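Two forms, one protein chain; C-alpha cells for each follow separately as structure 1 and structure 2.
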Structure 1
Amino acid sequence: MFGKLSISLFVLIIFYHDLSDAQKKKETLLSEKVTQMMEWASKRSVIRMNGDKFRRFVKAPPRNYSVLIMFTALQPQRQCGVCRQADEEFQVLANSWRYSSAFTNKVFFASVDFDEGSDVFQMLNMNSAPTFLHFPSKGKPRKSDTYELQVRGFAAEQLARWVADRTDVQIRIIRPPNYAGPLLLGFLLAAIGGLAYLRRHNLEFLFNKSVWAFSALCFVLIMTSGQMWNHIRGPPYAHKNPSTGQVSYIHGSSQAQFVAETHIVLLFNAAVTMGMVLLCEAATSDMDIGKRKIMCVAGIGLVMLFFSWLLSIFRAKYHGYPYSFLMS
C-alpha cells in the first residue's frame, strides 16, 4: 500500500516536474521570441523576414503577439509599382504604431519579400503581391484576416481601421510632414528676394507689363486645360494598351482625361491665343510691311489650324458632336 502510494507520488512528481519543465521551456522560448521581436522592432518598424524567420516567429506555436505581414515584391526587376506605394503606406502605419505612446509588444509589423522568402509564398499558396495578412495571437487566421486590398485600397488610414478591427489596437496615423512644398516655396521666395536685392537700384522689371501679362496668361491656360482636375484626381500620364502596346494620349470619354492630353490642350489654347495677339500686332506695329504680312498670315494660320485641331480632339471625346472644321 505504502509502496503503491510512493510510486504514484513519484510518478506524479516526475510528471509534474516534466510538465512544469515544458511550461517553463515554453515560457522562456516565448520571452526569447518576444525580446528578439522587440529588438528588431526597435531597429526598424517593419521587420524584414525570410523563410526561416517567418516559420520560427510567426508560424511556430508559442506566441502571444499578433503579426501583420505584408507580402510584397520590391525588387526593381519585378516591376511592381503598386508594391512600392503600398510599402510606403505600410511604413507610415508601422511608424505611427512604433512611435506612438501606446506601443506594446502585442502587435508587430513585418514584411516578406518574394525574392527573399519565396518558400513562404509557396507555403501560403499565394500568387499575388502586395497582400496583407494578419496572424492573430490565438488560433488560425480566418478569412477576414486577409485584407481586402481590391475593395479598401492601401491607404494607411484604411489599413489602420482593419488593424483596429482585427486586433483591438487603435493606431492614429501620423504622416511625416512633407517638407518639399514649403522648402521649394522658400527657395523661390529667396531667389526672388535675392534678385530684387541685386537689382535694387533698378526695380523697373517689377513694372514690366509683359512679365505680368505673361504670368497671368500662364495661370489662365493652366486652369482652363484642366490641370486642377489632374491635381485632385491624379490620372495616369497616358494609357498603354497592354495587348497591342499602343499608347493613347487622349482619353476616350468626356468625363476623364490623361495628363498628356491636358498638356496638348494647353499648347493648343496657347497657340490660338498667340495667333490672336499676332494678328493685332501685325496691324499695329511699326515694322516693315513684309514682316507684318508674314505675322498676319502666321497669326490667322495659328488660330485656324489649332482651333480646328482642338475641335477634332473634342469631337473624338464627346460622342455625337456633329461639327468639325478643316479636320474631322
Structure 2
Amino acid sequence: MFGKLSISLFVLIIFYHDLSDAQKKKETLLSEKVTQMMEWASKRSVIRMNGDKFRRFVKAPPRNYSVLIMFTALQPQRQCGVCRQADEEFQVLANSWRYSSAFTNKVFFASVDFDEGSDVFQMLNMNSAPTFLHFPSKGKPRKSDTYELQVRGFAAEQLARWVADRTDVQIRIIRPPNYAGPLLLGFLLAAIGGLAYLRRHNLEFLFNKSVWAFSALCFVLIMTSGQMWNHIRGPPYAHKNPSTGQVSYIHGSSQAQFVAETHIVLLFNAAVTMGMVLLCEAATSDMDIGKRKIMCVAGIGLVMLFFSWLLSIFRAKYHGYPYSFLMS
C-alpha cells in the first residue's frame, strides 16, 4: 500500500513538474513575442509582416495582445490608388496610438502587403485590398472584427472608433499640421482684396446678380453632390478589385459612395442645370430665332441625356427602383 502511494506521489510530482515547465516555457515564449513586437513598434508604428511573421506573432499562441492589420497592395504594378490613401490614414491612426500617453503592449498595428505575404491572403481567402482585420488577444476573429470599409470609409477617425469598439482602446487622432488650407484661403483672400483694390473706383461687379447667382449655383452643386459626406466619412476615391483589376467608380450600395462618384454626380447635375439655363435663355432672350432654336434643342438634349444618366446611377444604388428614362 505504501509503495503504491509512493508511486502515485512520484507520478504527480513529475506531472506537476512537467506542467510547471510547460507553463514557464509558455510565459517565456509570450514574453519574447511581446518584447519583439514592442521593439518593432518602437521603430515603426505600423509593423510590416510577411507570412512567417504573421503565423508566428498573430496566428500562433500564446498571445495576450490584439493586432489590427491592414491587408494592402502598395506596389506600383498593382495600381491600387485606394491602398495608398488608406495606408496614409492607417499610419496616422498608428502614430496617434504609438505616441500617446496611453500606449501599452496590448494593441499593435501591422500591415501585410500582397507582394510580401500572398500566402496570408490565400490563408484568409482574401481577394480584395485594402482590408482591415482585428485579431483579438483571445479567440478567433468574428465577423465584427472585419472593418466595413465600403460603409465607413478609411478616415483615421472612423478607424479609431472601430478600434475602440473592438478593443476598448480610445485613440485620439493627431494629424500632422497641414498648411495647404490656410495658405489657399490666404491666397484667395489676397486675390479678392487685390482685385477690389484695383477696381476700387468701380465696384459694380460686387452687385452683379449673375456673379452671385453663379457662386450660389456652384455652392449648391458641390453640396448636393455629396462633398460634405466625403469630408466627414473620408471614403476611397474608387475601388479596384486586385483579382480582376476592375475599377468601380460607383458604389453598389445606397449606404456609401466613392469620391469619384460625387464628381460624376456633380458634372451630371451641372449639365442638367446648363440645359435648364439654355431653355430659359431660349424662351426669354431677344436673340435671333435660329440661335434660340439651337439653344432650345441643346438644352433639351442636355436635360434628357444627363438626367437619364443620373437616374441610372440612382437605380444602380437603390436596387429595385422601378423607374428609368432613355436607358436602364
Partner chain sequence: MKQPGWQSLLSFSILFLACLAGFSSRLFAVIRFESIIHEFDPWFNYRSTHHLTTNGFYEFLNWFDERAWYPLGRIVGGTVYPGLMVTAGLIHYVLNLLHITVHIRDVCVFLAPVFSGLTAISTFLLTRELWNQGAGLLAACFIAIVPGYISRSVAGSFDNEGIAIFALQFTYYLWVKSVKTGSVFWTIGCCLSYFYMVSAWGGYVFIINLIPLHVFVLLLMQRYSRRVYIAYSTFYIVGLVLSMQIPFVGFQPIRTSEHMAAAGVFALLQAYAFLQYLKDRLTRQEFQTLFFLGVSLAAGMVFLTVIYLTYTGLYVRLLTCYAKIHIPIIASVSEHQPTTWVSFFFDLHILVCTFPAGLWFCIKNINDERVFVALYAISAVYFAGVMVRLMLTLTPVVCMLSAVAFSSVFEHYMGDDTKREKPPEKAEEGLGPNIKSIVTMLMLMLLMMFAVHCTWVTSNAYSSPSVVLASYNHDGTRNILDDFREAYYWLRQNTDEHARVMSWWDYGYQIAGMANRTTLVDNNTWNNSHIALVGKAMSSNESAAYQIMRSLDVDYVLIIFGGVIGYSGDDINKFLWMVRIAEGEHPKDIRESDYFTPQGEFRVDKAGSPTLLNCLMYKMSYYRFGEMQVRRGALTPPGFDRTRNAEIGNKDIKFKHLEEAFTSEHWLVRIYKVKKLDNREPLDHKLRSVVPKQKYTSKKVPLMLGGEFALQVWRDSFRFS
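Rigid core (definition): largest C-alpha set, two forms, superposition within 1.5 Å. Quick caveat: nothing in here was measured; it's all calculated off a predicted structure. Residues are numbered by position in structure 1's sequence, first residue being 1.
Task: Displayed copy of the chain that is the form predicted on its own - done: Pick structure 2 here.
- [ ] Determine, after fitting the two forms on their core, whether residue 226 shows a C-alpha shift of 2 Å or more between structures 1 and 2.
- [x] For residue 226, whose C-alpha is compared between structures 1 and 2 after core superposition, the shift is 2 Å or more.
Task: Is_shifted residue 254 between structures 1 and 2 (CA, 2 Å cut-off, rigid core) - done: Yes, the C-alpha position differs by at least 2 Å between structures 1 and 2.
Task: Yes/no, residue 285 Cα shift of 2 Å or more between structures 1 and 2 with rigid core fixed - done: Shift of 2 Å or more: yes.
Task: Cα displacement of residue 217 between structures 1 and 2, once the rigid core is superposed (Å) - done: With the rigid core fitted, the alpha carbon of residue 217 is displaced 18.4 Å between structures 1 and 2.
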